[in-house]
Structures are given as structure tokens and as C-alpha cells.
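The chain below stands alone, shown as C-alpha cells; this is the form predicted on its own.
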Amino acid sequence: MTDWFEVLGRDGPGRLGELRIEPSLNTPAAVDDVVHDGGSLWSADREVPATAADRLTILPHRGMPTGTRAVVQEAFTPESPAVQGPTAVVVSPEMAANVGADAYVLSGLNGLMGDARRFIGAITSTRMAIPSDTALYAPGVATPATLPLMVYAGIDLVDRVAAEVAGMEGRYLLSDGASPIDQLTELPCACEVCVGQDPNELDRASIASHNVATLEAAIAHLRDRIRAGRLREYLEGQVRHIPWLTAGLRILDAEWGYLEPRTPVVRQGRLDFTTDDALRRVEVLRFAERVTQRFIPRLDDRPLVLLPCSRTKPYSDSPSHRDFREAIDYRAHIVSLTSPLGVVPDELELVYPAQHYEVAVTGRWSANERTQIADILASYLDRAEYPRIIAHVPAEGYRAVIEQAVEEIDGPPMTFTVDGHPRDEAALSALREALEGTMRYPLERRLDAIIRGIADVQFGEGAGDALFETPSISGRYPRLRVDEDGEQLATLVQQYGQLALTLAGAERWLTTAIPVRRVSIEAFVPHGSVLAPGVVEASDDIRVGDEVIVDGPTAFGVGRATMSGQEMVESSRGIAVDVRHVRERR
């Protein structure tokens, strides 16, 4: 825990923070001007320097060069700082541990540049070994090109050293890499160093000044991307310029145990899926897992109609889907096929990220897309008991995916209703004809399925039936309210497709067998929020954006998590829960 660093915002592992020196510094940030280095213990014994509120003091250290054997590194694990004030200790991945510092300086990372697996492994293993509310400092490696991946992986602090060294070596840095200055015919930058200058007349010190300015601009831009919830989209474009950075992102994406707890269940900002790397995003895999393992298809006594996705979201607002729904007329269960999410049952069209994404549409899916969507559809169908499937989708792309999925599980009989475009009158007529003789189900049944289905996905398999026995659902979709026995239990939040529980709903949750995401607090009654220092315990599976129960000796409440459960317990600053309803215990 630390008094000198606070995490203020998150976008995956990337964080906005505040280094609380005087004056404070917003992070990610370059800290060259505020760092005081206590010096290396390899060359001499050193006294612990005095700390000051206007700087980050790095305690005397033994930095380990890349390749140092683990047994050597483990012999020099840093000790807890016995001083007050903002301090940092030097660590390596092999010897990183919680020693009570405010920041941790990761040594040896510059020797791993170009080695994607070891570079990412060093950052993630160190980040996991130190407390969540401490800053991670990577000296000597930040350039405008490497910085986005570093920040996304969990780096908070950097310096200007690599940018300055590149300049003194005659390398001109931009966001997509470096160019030798003698290979440039003009300067592609409008900073004050470059405007009106001939590349041949730019001296090394000026190149270094340009590089630093470009790095500072990149840092500011990354802070903006995190605030907007768009860091991942920016990163996917940036890493394309350098192969080892592309490899680094793909290696990081495979670290589910690292990324998933740090990825909110809902966030601001649209998700743009423009590359095959998006198929491995936590938001995509988490949604697919919840649909195929938690969601219960409660309308599977009717035919299943598979529809193509639409640009307009939620799908029910799309002109094409309105035509489809008019033809279906409550006689079948609707599921939309989409890349990269796979399947979106009608009940879940509001659930994040089903109404929050945009995809590059070419009319063709890549081989990776086809395989992933077919696998998700097969897993979904394997849990349902539809009497038959009606595929009202374009022949190109969709048809092969559906046939592959149905073949994998030896699924129910299937009919294709589209020869040309799904909105053609001939196709719509074929859809109506395929459903002829099937009875309509009442609107009330659809609303009930929506509420229960969202509860399944949000709280866990079977939650819809456990939380709501004989619910009364009022309002006009998507603004729905759930009551039972004259008492309100929940409201559907249209923005994210989540259920916001009342205190009665929270109490109902406690009576079920569904695991409860609980935040235990000290003896106080929160008003508006629970701060991390007041948290005693928190469920490990809490993610940012989750609905949680707040429980303490003097208060009972319900609200939304703004930290993961681990962060709540480890952090000494910051808001842990936005409390919606609270009641004082007497």
C-alpha cells in the first residue's frame, strides 16, 4: 500500500494514475525531472538518501543486467524501505515482491527489446508480484513506438533516456519507429525543432529534442486513449509497424489470467474490431464464454432463426432486423451471428459489448473468424434443444459457418431461406413460410426471458431462475423494472444491458446458491461510495463494473465495483464501489 501513488482510471491493464509528489504528476508519465537516484550498491556502500515530497527517491540498489542467473538475483531481494516519503526500489522479474515501496523500478528490460515473449513476461510477472496500487517504472526503454504496448501491459512510469540516446545516434523517432536522419528527404513533424528545417542540417542534439517532444506527445495521447476507453484500439494499429511489438500483443493476449481480471466487464467507448487480433480480446472471449456456458435459452421450444448482424445496434433498432422481426412475429427464437462475438441471442442484444462494437465489414470472414464463430455457435447449440433451425442469412460466409457448426454437434434439421439478399421480398416470404403453422408466444414471455437471460450472464448460470421466481415486469423495452410480491428487485440498465439490484434484490441474491460478489467493509455507513481503505475483504472474482453487495457491521448495500476485488483489498486509495442503495444496520 502507498500514500504517494493512486490509480484513477483503468482500460485493461493500462492505468491512469497520480504520483502524489509536489506538484503531482499524472501518469503514464516520464519522470526524469522528479527522480532522485540513491545510486548503485555494486560500486560502493551507500547511505539511504533523505526523501522529499517533490521527488521520487530510488533507494540504493543492485540493478541486475539481462541474463543474470535467478539464483544470483534472489540473493539480493530488496528490503522494505525504512524511510518516509515517496520511494522506489529496483527489482527484476525474478526478485520482485511487495516491500512497501511506492514505485518499483524494473531493471534489465532494455536487454529484452526485440524478444517479445521475455519482454512481456518481465512486465506482467513483475506487475503481478507487486501491489496493485503501486507504480511500475521501466527506465531506458520508452520510445513513441514501444510505449503503447508497455502502457497496455502495465507500465506507469518511463523516462526520456532511450529517446535521447536515439537522437544522439542520429535516429529520428516517430510513432511508427525510427529512421536514420540521413535517409530522410524532409522532416515529417511539425514540432518547433523540425518546422522549416532541412534534415541534413539538423544536429544530434536537435534530433534528441525532437525525439523527446514526440515521446511526450505519445504519453499525453495514451492518457487520452485510456480516459476514452480506447487504448486497445490505438494499440492494435500502432504495433503493426514493428513485428516484434505485434508478437508482443499476441503473446500478451494469451495471458488470460493476467488480462481478464484487469479488464472491466463494461466500459465507456465503442469497441472497434478491425484485425484478427480482436478475436482474442478479453471482451470477446468473455462474452462468448458467458453466452455458451451461463445463458439458458428459455425459448428453445420454438424454432431458432439465425440472422445476420447489423451495423445499427442494438439490433432491434436496425431497419433490416425490424423487417425480419415482422416476418418472424414472435414465432421463433432469434439469435444473431456476428464477428467476432459469435452469437448474440435476442435477449442479450443490450449486454456489453453486443451493442457497443463496430467491425470492419468486407462481406467476407477470414479463416480465423469462420472457425471461431462456428465453434461458438456449435457450443451454443449443444446446450439448447431447438426443434429446427431456420438460417435467414446471406449465402456467402454465413452458410458455411452454420453448416460447420451444425455438423460438429449433429444438430437439428436446418432450412436456408435466402438466395439473394435477406431483405428481398422473396427471402422474407420464405422466412414467413418456414414459420407457417408455428404459434406465437406472448410478449410477456419474451420480457421474462430477457430479464432471466441477462441475469444468467451477469451473475452466473441459473441466476435468472434463482433470483426471480414469479417476476412482474413493467415498463417498455428496454426500460424495464422487475418486481415480485409487490417489491422492486431490479431495473434493467439500457446503457450496458445489466440489472441494477435494489436492496431487496441484493437480499434475494444472498438466499440463492449463485456465488455472491461481496465487499466486506469496516463499521461505517457509506454515502455514495466505499473507499478502498474501508474494505476488509472482497471476492476474488469481482471485476470493474460488476454488481456487488456491500456488507459490514453497520451497513448493508449494493452498487457497482470500480476496482477488481484484489485491488480493493490491496489499495490504500481510490473508490472501490459506487454505492447505489445502502441501509444502516441497527
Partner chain sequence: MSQPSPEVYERGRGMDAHNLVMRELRGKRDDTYDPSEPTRVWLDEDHTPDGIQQSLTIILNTGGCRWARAGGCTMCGYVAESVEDGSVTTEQLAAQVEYCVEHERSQADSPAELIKIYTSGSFLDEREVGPETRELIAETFSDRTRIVVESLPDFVLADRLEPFLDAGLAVDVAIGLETASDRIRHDCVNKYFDFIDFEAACSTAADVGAGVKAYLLLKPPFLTEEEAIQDMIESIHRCADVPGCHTVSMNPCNVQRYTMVDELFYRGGYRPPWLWSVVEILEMTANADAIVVSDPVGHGSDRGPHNCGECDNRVYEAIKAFNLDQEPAIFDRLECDCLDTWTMVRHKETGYNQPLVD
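Positions refer to the first chain, counted from 1. No experiment lies behind these values; they were computed from the predicted model shown.
Although not depicted, the form predicted in complex with its partner chain is the subject of the following passage.
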### Message
How about residue 50 - does it come within 4.5 Å of its partner chain in the predicted complex, if we only consider non-hydrogen atoms?
### Response
no
### Query
With the partner left out of view, is residue 545 within 4.5 angstroms of its partner chain in the predicted complex by any non-hydrogen atom?
no
### Query
With the cut-off set at 4.5 Å between non-hydrogen atoms, does residue 551 touch its partner chain in the predicted complex?
no
### Message
in the predicted complex, is there a heavy atom of its partner chain that lies within 4.5 Å of any heavy atom of residue 275, even though the partner is absent here?
### Response
no
### Query
Quick one: which of 161-169, 323-331, 250-258, 148-156 gets within 4.5 Å of its partner chain in the predicted complex, going by heavy atoms?
161-169
## Note on the structure
The one residue among 108, 497, 314, 460 placing a heavy atom within 4.5 Å of its partner chain in the predicted complex is 108
### Query
Pick from 71, 513, 360, 82: which has a non-hydrogen atom within 4.5 Å of its partner chain in the predicted complex?
71
### Message
For a quick check, can you give me the residues of 32-54 that have a heavy atom within 4.5 Å of its partner chain in the predicted complex?
### Response
35, 37, 40, 41, 42, 43, 44, 45, 46
